[in-house]
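Just one chain is shown here, as structure tokens, and it is the form predicted alone.
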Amino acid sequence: MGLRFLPATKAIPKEMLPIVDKPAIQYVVEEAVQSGFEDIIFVTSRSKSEIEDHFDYDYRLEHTLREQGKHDLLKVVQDISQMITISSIRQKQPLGLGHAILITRSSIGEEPFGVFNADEITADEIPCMKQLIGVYEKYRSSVVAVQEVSQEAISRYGVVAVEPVEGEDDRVLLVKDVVEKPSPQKAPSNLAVIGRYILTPTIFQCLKRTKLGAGGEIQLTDALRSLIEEEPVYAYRYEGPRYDAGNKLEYLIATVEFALQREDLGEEFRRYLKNLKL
């Protein structure tokens, strides 16, 4: 529901809040495209139709831009609607990430698939998900992206217990357990699960038998613990930039850093920041 961003999210889905001039979710979709995906399923609620609308064809807007000779903007709009095939499934109750994945089962079938949390943005030269795909192609097992986090932040995440994999460096690890939002004293490591996963279809069986957990939700963490008992699950240590766009401070940091990278804004914006009296 985007409660941390009220009142802005009273009428706008938090995933549609702009970072510079693109909604946060567009950065996530672009990562999917750059990682080689051809189809995306949005799991949404009744208040989030703007997400599908953003990626849909808009004849009236395109016609207006064409008539006004604004061909650069026309290309931007066309690229959005043509970048990938999109469908959506409505989650009728907010029963958690595990439930959101479970209701896609009939659409996904018996194939491995990627999961992107829409409020987490990664910005590495090689997309985070593409890095996960490399691990999946080697081991043909589920892979979760993890990142080192501070002791102060550890209780906001699922945290993995891991062991080394023979022949691998410390970026590819075997997951032995996942603990949801542990206290710093009980955390098995400082490696937190971030919002990128490649999952085998076995996860659907695990989710189906997972009971409601923390917050009255079907927790993906609980299903992953079941999955570990049936087949190997790997963790990949992601070391690139990541922003939690559902956190106000990180949202502001992302806006500044993405603006500085823009050819049309970066130089002037950098001068402005240097002249601030802080």
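Since this is a predicted model, take the numbers as computed values, not measurements. Start at 1 with the first residue shown and count on from there.
One more form of this protein, predicted in complex with 1-O-phosphono-alpha-D-glucopyranose, exists but is not displayed; see below.
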| query | finding |
| --- | --- |
| Stretch in contact in the predicted bound form with 1-O-phosphono-alpha-D-glucopyranose, which is absent here, among 201-209, 154-162, 86-94, 128-136 (heavy atoms within 4.5 Å) | 154-162 |
| 4.5 angstroms heavy atom contact with 1-O-phosphono-alpha-D-glucopyranose in the predicted bound form for T104 | no |
| Contact label in the predicted bound form: E180 to 1-O-phosphono-alpha-D-glucopyranose, heavy atom within 4.5 Å | yes |
| 4.5 Å heavy atom contact, V175 to 1-O-phosphono-alpha-D-glucopyranose in the predicted bound form | no |
| N117, heavy atom within 4.5 angstroms of 1-O-phosphono-alpha-D-glucopyranose in the predicted bound form | yes |
| Residues within 4.5 Å of 1-O-phosphono-alpha-D-glucopyranose in the predicted bound form, restricted to 161-200 and counted by heavy atom | E180, K181, V193, I194, G195, Y197 |
